[in-house]
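To begin, one chain is listed below as structure tokens, in the form predicted alone.
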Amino acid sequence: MGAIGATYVLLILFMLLADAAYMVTGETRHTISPEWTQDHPVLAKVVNSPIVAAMAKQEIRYSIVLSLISCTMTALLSLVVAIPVGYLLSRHRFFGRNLLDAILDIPIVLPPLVVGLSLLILFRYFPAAIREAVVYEIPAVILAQFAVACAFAVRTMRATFDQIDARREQVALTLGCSRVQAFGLVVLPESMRGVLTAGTLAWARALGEFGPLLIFAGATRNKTEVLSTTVFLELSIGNLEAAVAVSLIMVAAAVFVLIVARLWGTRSLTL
């Protein structure tokens, strides 16, 4: 069992190491003068690295900013939906509950391109003013990310509420609290670690989203371009170095968010 698990872990590590090694050994299109290179060999190697060359492009800097903004908004919107829906599925039994549960799994099992195509078809039935304001614009980026990431957040919040003892909430109700008060004062504080996990998962899923964005929001540079579509655009013009550099930026951002979430979650439990 350990060998099987180690094989998968090593596969992930070797993929990341391969990207990092390519950044060190690969060539880049960003060049500097030979005279400056001879006078400052160490700085020349840093300046001439693929990551620095990628960060020098205004389009990639724009995609980084848009990715941070859109992923954060997607994570917040996902929590707004996931907390009440997860609580509803965990605590209540009602007609159509299993059907609702199955519907919430559709964005997870559908091919990403189908999600983007479905959003595009859906907005054909909206008024032209709304359609022009959303489709192939920045709101389309957030909506495409939200359509998939929210499903993962809902699953996480439902599992969180399933693990919380319902008797404490019942005691709060018998002591005179309303359902809203019992939820806000008892259930929600106990679920904060799950909320943090759900938000982190939604943020990371939104960062890696590609298919729905390509169909519904497009990949227009300096407009709807995010990091995932930047990798596609750089590969399409044969700039492998920039594509790998952006991939490493995405990996670093995802790892940073996960580490912060783990540390924050542990601290909240100890306090």
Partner chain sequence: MILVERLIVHAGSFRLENISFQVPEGGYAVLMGKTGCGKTTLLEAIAGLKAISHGRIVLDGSDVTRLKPAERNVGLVPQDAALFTTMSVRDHLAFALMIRKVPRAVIRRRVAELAEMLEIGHLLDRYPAGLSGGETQRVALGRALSFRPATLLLDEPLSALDDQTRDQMMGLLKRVQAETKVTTLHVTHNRREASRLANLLLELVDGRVEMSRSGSPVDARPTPAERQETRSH
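Remember, predicted model here, so these are calculated numbers, not experimental data. Positions refer to the first chain, counted from 1.
As for the form predicted together with the partner chain, it is not shown, yet the points below apply to it.
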Discussion item. For the three residues 90, 98 and 99, which mark the spot I'm curious about, does each lie within 4.5 Å of the partner chain in the predicted complex through at least one heavy atom?
Written reply: no
Discussion item. Please identify the residue among 85, 110, 173, 119 with any heavy atom within 4.5 Å of the partner chain in the predicted complex.
Written reply: 173
Item to complete: Could you confirm whether residue 133 comes within 4.5 Å of the partner chain in the predicted complex, counting heavy atoms only?
Response: no
Worksheet item: Heavy atom to heavy atom, is residue 185 within 4.5 Å of the partner chain in the predicted complex?
Response: yes
Worksheet item: Would residue 162 show up as a contact with the partner chain in the predicted complex if we use heavy atoms at 4.5 Å?
Response: no
Worksheet item: Does residue 124 reach the partner chain in the predicted complex if we count a contact as any heavy atom within 4.5 Å?
Response: no
Worksheet entry | Partner-facing stretch of 162 to 170, 145 to 153, 195 to 203, 76 to 84, counted where any non-hydrogen atom is within 4.5 angstroms of the partner chain in the predicted complex | 162 to 170
Discussion item. If you apply a 4.5 angstroms heavy atom cut-off, which residues in 180 to 203 are near the partner chain in the predicted complex?
Written reply: 181, 185, 186, 189, 190
